[in-house]
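Below, in C-alpha cells: the form predicted on its own, a single chain.
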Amino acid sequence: MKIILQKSLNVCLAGTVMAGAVSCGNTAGKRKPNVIVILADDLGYGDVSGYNPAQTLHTPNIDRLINDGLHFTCGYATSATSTPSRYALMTGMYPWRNKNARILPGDAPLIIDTAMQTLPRMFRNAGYSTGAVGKWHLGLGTGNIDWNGHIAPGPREIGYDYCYIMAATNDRVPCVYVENNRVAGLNKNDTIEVSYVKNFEGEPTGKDNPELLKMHPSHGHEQSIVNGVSRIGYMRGGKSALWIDETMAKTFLDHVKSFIDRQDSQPFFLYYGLHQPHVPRLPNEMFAGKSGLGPRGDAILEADWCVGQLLDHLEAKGLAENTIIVFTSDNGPVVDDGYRDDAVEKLGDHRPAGALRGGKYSLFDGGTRVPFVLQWKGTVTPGTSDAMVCQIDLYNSFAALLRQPVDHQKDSRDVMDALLGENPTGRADLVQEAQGKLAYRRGHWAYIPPHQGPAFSKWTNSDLGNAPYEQLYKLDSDIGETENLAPTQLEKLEEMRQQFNDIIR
C-alpha cells in the first residue's frame, strides 16, 4: 500500500511541478505541501517524552508530532555543536569541509557562500515562499558589521524571502533581533557598538558588577550585561532594540504565525529555529518553576508549548494535512553550559541523552543522535522507524520529492523513502563531527579514531569520546557505547577505518 501511495504522490508532485497544482485523485486543486523544519537547540534524545515515556519530563505537544508522524530512533545531526549542524542543514554539505563551520562569535561573517545552492534556495526554485525565524548562528555580513545599517549578506542572500532572527545566540552579543537586513526596533539616535576584544568605557560586566545580575555565570559568560544576564562579548547602545529573554519565545512564535498568515497563493518553506533549551534559560513566567527540573526543564516545556501553538495555528487555518513538519535538534543535550541555573542540582533522575553516551560536544552518539520526527498527516503512516536519517539529507530528499536538480557534489542523500516510512534502512553511513574532530557511523557500528584532548568535560558532565586509541562499538546491542570492541573485532575495525578514510580524504 505504501509503495502504491508513493507512486501516486510522485505522479501528483510531478504534475505539481509541471502545472503548478496537484491534480490527481481526491487531491485536485491542492498545492504542493508546505514544509516546516523545527530545529530545537541543545535538546537531547532523552528530553522528549515520546522517546522516553518513563521520563519525568513531559512534552505533550512534541508527542503530538510523534503520535501523528514517523519518529526515528536513528535520526542525526551531523555535529555535536550548533553552527556546524546548521551549516549542514542549510547546505547539504558536511561542515568539516568548511574550516569556518565552527562555533561562531556574535560578530562573525556569514559562513555560507551566497553562490551556493542551499535548502531555502532549492525550495524557492520550486515555487515556494521561504522564511527563517529564530536562532541563526551562521554569521552575518562580511566582517566589521555596521549593526545600525543594512546587514548583508544573511538569510535573504542564501534563499530566504523573509527572516526574523537573533543575530547570533542568546548568550552572545549583540542581543537584538534582525528582521530581513536590519536590526528590528532600533532607534537611529542610539547606535549599537559591538566588540569581542575589549569592553566599552563605563559599561558594566558580569565579572565586575555581579550585583546587577539575576543569573550568574558558572564559567565564561561574564561580559556585557543585558536583561540582568551577562553574555559573551561586549556591546553598547541599541537600548530600544534589546530583547527580553522571557518574551523571546512568544516573539519568535508571533513572527512564525505572521509568516504563515501571509502565504496565500504559494506553498511555503519555513525554518523555525527554537532557542530552547540553550543557555541562558529564562523562560516566560508561564513555565518558570513548572517542570521541577529547574530552568532547563522549564525551557523545554516552553519549547513544547511553542510547538503546540504552531500545530494549533496550522489546524485553525486548515493547513495541517498539507504541511510536512520535521522536528529535530541541532545537537545533543548539555546541562551546565555556562550559567548557574540549578539545572545540574535539579536534574534528578532525568537523563537528557536517554540511554546514549555523551552529549553536546561529544563524539559519542549522544552528541549527534537527536529527536527526529516527520509528520505529514494523511500521507505518512504514524509509527517508529530505525532507518538512519540525518538533517544533511533534507536537501536532496526534498529536492527529489519536488523534482528539483541537485548538486551531486553534496554530501546529502535522497532518503525520502525512509522519511516517508517506506525504506527501513535510510542512509548507509554518516561522518559525525564534534569541535573539529570526526567519528563514523555505518549500519549498527560506530568508529571513533584516536583523538587528543580530555576524555571528560567537567563543565558539561559528559564523556567527549577523546582517546589515544581507536574505539569501535556495536550500537544495536550496546546503545550506550560501553564496550570497546576494537581490540577484538579487528576485521570490522579495519573495514570501518578504511571506509571512514575513503570519505574524509
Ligand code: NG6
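Nothing here was measured: the structure is a model prediction, and the numbers come from that model. When you see a residue number, it is the position in the sequence shown, counting from 1.
Below, we refer to the form predicted together with this ligand, which is not included among the displayed structures.
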Would you mind picking the one in A320, M116, L213, I103 that has a heavy atom within 4.5 Å of this ligand in the predicted bound form?
I103
Considering H71, R357, H350, R172, which brings a non-hydrogen atom within 4.5 Å of this ligand in the predicted bound form?
R172
Quick one: find which of 148 to 156, 246 to 254, 287 to 295, 327 to 335 has residues within 4.5 Å of this ligand in the predicted bound form by heavy atom distance.
327 to 335
Just to confirm, T81 within 4.5 Å of this ligand in the predicted bound form by heavy atoms?
yes
State yes or no: in the predicted bound form, is some non-hydrogen atom of D42 no more than 4.5 angstroms from a non-hydrogen atom of this ligand?
yes
Taking any heavy atom pair closer than or equal to 4.5 Å as contact, tell me whether F372 reaches this ligand in the predicted bound form.
no
With the cut-off set at 4.5 Å between non-hydrogen atoms, does R427 touch this ligand in the predicted bound form?
no
H221, I232 and H278 each touching this ligand in the predicted bound form (heavy atom, 4.5 Å)
yes
Where, within 456 to 473, is there a heavy atom within 4.5 Å of this ligand in the predicted bound form? Residue list please.
none
